[in-house]
Every structure is written in C-alpha cells, then in structure tokens.
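Single chain ahead, by itself, as structure tokens, in the form predicted on its own.
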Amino acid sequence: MAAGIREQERQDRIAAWLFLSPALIIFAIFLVIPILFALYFSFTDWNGISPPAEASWIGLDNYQAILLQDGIRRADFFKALKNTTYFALGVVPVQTALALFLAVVVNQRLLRFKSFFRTSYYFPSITSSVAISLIFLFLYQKSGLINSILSGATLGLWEPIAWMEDSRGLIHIILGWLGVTLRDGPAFFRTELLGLTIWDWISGPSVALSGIMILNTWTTIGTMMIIFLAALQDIPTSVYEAAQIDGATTWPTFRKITLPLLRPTMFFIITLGLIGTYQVFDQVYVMSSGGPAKTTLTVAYMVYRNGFRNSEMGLGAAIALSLFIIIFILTMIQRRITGSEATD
C-alpha cells in the first residue's frame, strides 16, 4: 500500500514537471540565459559587433568607470540616476493617486456609461508609446495646443514654454524666483558629490523631463486603474453595509475601510510603478534622446547609448546590471515599508 502511494506521488511529480517544462524552458531562454550573458559581458570590453569570443576579460573596469573613477562616464551615470530618480518620485505618487481616484469613480453603481469611461481611461495604456510620444511632441511645441490653451487661460500673459528644449530644473526655477542662485547661494552648493555638484543634485526634474513625466503618467494610469478596480470589486459589500448601519459617511468609509483593504494592491501598484519608471526608455528615445544638456538622460537610455550607439556593449551591460541592483534594492525597501502592512 505504502509503495503504491509513493509510486503515485512520483508519477504526479513527473507529470507536474512535464506540464511546467514549456514555461520553464521559455523562462530560461528569454530571461535566465540573457541575464547570465549580460553578467559575463559586463566584465569584458565587448563592442557588440565583433564575435563575443574575441572580447577581452577586463574584470571590474566597467563598474569602476561608472561608479568610482572621475570622468565623464561616472558623471553621466549619476546624472542619469538623478534624472531617473526625479522621474520616479514625480510619476509614481501621481499615477497611483490618479489611478485610485479613477477606479473609485468608475466603480460607482449609479454611474452611467461605465464601459465607455473604463475603455477611455484604459485606451492610452495599450496605444503605441511611439505614436503617443510623437503626438505629444507636436503638443509641446511653442505654438502647440498646450501653450495655446495656457495662453488663452491667462489672457495672453503666459509666455510660451519650449517644453522639450528647456534644460532648467524646476527646483532651480523656484529658487531663482526666491533670489537663490548658484553664484549667490551657500558655498556647499558647489561641493562635488559623485561627479556632480550639490547644486546639480537639487535641480529637480528639468522642464523637458517634466513634459515626459506628464506623458508617462497619462499613459500608465489606465493600467493601474484596472488593477485598483479589480481590487475594489473584490471587497465584500457586507463590509460597506455594516459601515452604513453604524452611520459611517463616505469619507470615513473610504479612509478606514477601503484604503486598508487596498494595501496589498497599493504595494503591488507602487512596485510596478517604481520598476517601470526606473526602466523608462522609449519615450525618452523618441522625444529627447537624453537632451537638452542630458537633463532627460535616464539609466535605461544610457544602456542603449553606450551599448548600441557607442559600441561599448560591456559598459552597457555593466550599467544594466547596476540598474537591476538599484531596482532590486528599491523594491526590497518598498516591500519593507509597505509589505508588512499589506499582509496584515
């Protein structure tokens, strides 16, 4: 009897591995093996053109170039990391809040044309990113629709903005309004840290990067909204009925019932947002190519620029692995901050 049970368990395990094998093979071919190759090439000087076997082993030179050695490579890497961090700090909170707001709106029972609104909000998320980026390039022109609307709303007092040509940081602009500049500011503004001055670190996102942030937020809130909507519909109606019996109004119900029950979803949404924003590439490639003055240069675009344009595939692989480590650390920090709450 026991032998028969063990034989059945063995057959079940074999069947399970057979069913899993197609997915595992695809996972290994398209994810595990490329990661291992990237890890190997990050320790070489491969140019991406010659046969990989001709690449020379250079150890940690690529990592030293972007992390430790003074020079343009380290300065560009940390400038890209600064831009990407500002991008994430600006996009993730806004897209999360707007997605939750839209999900609550389209989840209302009395709302008419629900399907239309849900489709309309979600449509930008499935539209070609390149096509949307090109449209926004026209909208952002000095004589474009956005400047025309802003000028009309301010009765012509609004000066047209050169959205994709303005390299000034938003924090620098605000400090300038307050009379604080690099020349007149404290001496520590000129202190160098990781290839950039403190003044550069506190620049904030440039006007050009802010334009891409607006575009990215608009194209991603639809996906986040759908996830929030599924979570909202999964909350038992009995919970809200009990709150109504206790006399709870709309805002206390949302704050003390809906939000706590959405914590696991919130953690998932923020994690997706962090990963997506730190990997932003396509919109930067189409709209600015890292300019003006490298104020829209992101880490992901730097991987492309070094690997495919400068024929420094080893350096590009090192930057890509560094980006992976940064995203992993941020995800673990995010999990540490909200993960325990999400599982309560």
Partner chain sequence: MTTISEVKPAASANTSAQSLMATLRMVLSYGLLFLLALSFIYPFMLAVTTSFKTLPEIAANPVALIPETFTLEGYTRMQGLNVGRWMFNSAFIAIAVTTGNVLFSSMAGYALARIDFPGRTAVFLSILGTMMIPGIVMLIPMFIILRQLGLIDTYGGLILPKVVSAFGVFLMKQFFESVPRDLEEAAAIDGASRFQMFFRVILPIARPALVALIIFSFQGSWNDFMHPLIVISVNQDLYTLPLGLALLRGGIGQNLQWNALMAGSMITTLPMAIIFFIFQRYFVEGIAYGGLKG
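Basically, rigid core = biggest C-alpha set you can superpose within 1.5 Å across the two forms. Keep in mind that this is a model prediction, so the values were computed, not measured. Numbering follows the first chain given and starts at 1.
What follows is about the form predicted together with the partner chain, which we do not show.
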For the partner chain in the predicted bound form, the stretch among 114-122, 168-176, 188-196, 252-260 with residues bearing a heavy atom within 4.5 Å is 114-122
Contact between Asn62 and the partner chain in the predicted bound form at 4.5 Å, heavy atoms? no
Partner proximity in the predicted bound form: Ala16 to the partner chain, non-hydrogen atom cutoff 4.5 Å: yes
I'd like to know if Tyr304 sits close to the partner chain in the predicted bound form, meaning any non-hydrogen atom pair within 4.5 angstroms. yes
State yes or no: in the predicted bound form, is some non-hydrogen atom of Phe268 no more than 4.5 angstroms from a non-hydrogen atom of the partner chain? yes
For a quick test of understanding: in the predicted bound form, does each of Ile132, Leu137 and Phe324 have a heavy atom within 4.5 Å of the partner chain? yes
Going through 296-320, which residues have a heavy atom within 4.5 Å of the partner chain in the predicted bound form? Please give them in sequence order. Ala300, Val303, Tyr304, Gly307, Phe308, Met313, Gly316, Ala317, Ala320
Tell me, please, whether between this form and the one not shown the C-alpha of Ala28 is shifted by 2 Å or more, with the rigid core used for superposition. yes
Core-aligned C-alpha movement of Ala16 between this form and the one not shown reaching 2 Å: yes
